[in-house]
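Only one chain is shown below, in structure tokens, and it's the form predicted alone.
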Amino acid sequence: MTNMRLIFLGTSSATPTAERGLSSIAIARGGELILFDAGEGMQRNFIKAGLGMNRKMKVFVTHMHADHCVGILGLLQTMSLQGRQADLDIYGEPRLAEFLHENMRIINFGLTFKVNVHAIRSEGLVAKERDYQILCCRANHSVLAYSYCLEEFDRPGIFDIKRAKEMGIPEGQLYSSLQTGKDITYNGKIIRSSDVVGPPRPGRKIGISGDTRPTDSLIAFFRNCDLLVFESTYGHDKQAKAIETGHSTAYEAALLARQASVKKLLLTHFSARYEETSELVKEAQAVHNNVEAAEDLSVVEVPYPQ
């Protein structure tokens, strides 16, 4: 089992407030950190959260608006000043590489580690590891933007040790083979993994909207998320403003979550006009029964599905 928790490093929209920094979300999964967006000043909450500057890390940028990407520059410089050695992978639309290289040239700072910038040119698979993958879908914003999903692969079923002992199978490598789905031959008899291992257990699915209007494509993309973080820049009375600026209301975020059969919805990216978010949560709860508003440095544990 791999522990996973989500940490909000910034929950305001384009303008920071005294209580909220600009957009950034971290997923701590085992020993790895997966970062979505890095608004200006996010590294202060990054440090407060104790996330560590030299761990395995990927950064995914939803779009090239300053409140979502400018903070990468400071984060890179701080990592170098603290002696980071591990490679860093950064993913985003093709202009992201130019943005990083030109700013680093003008500001004139070097790095103590290698940065691999991966240009996203189409929807679909973005990154893949042994037990999870990151997918993207076009968002509907005022500029080219992507939403992301972290999808874990199915885990092996529960191993029935009692049944294995009854069948006389010795512990060790044979147990390991059966647990990973491989059939074995023991004492001249074929023993199938399914004889002692239950059905596969689903992994977790986490959705990150970035800035977007709701779309049918995103409903399909976020289908059955265990946890969906969706932007809720405005209340329902500002829907015209949301449409004009390419954002969503809390009500619209909840409606999309319900249509996508999302288990839990977390609202974020609040306009600075909202000093507190209880009314936005109330609007969302009218259509989805499991909604919370994110706060800077709030932590959400992500358990495995039952």
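Numbers follow the displayed sequence, beginning with 1. A quick note: this is a predicted structure, and the numbers were derived from the prediction, not measured.
FYI, the form predicted together with a further copy of the same chain isn't displayed, but the following is about it.
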The single option of 167, 119, 220, 81 touching a further copy of the same chain in the predicted complex, heavy atom within 4.5 Å: 81
Of 85, 185, 103, 180, which residue is found within 4.5 angstroms of a further copy of the same chain in the predicted complex when only non-hydrogen atoms are counted? 103
Does a further copy of the same chain come within 4.5 Å of any heavy atom of residue 44 in the predicted complex? yes
Find out whether any non-hydrogen atom of residue 129 is located within 4.5 angstroms of a further copy of the same chain in the predicted complex, and reply yes or no. no
Indicate whether residue 143 is a 4.5 Å heavy atom neighbour of a further copy of the same chain in the predicted complex. yes
In the predicted complex, does residue 210 come within 4.5 Å of a further copy of the same chain, counting heavy atoms only? no
What I'd like checked is whether 238, 258 and 298 together line a further copy of the same chain in the predicted complex, meaning each has a non-hydrogen atom within 4.5 Å of it. no
Could you tell me which of 192-200, 72-80, 121-129, 170-178 sits within 4.5 Å of a further copy of the same chain in the predicted complex, going by non-hydrogen atoms? 72-80
Does anything in 5-25 come within 4.5 Å of a further copy of the same chain in the predicted complex by heavy atoms, and if so which residues, in order? 14, 15, 16, 17, 18, 19, 20, 21, 22
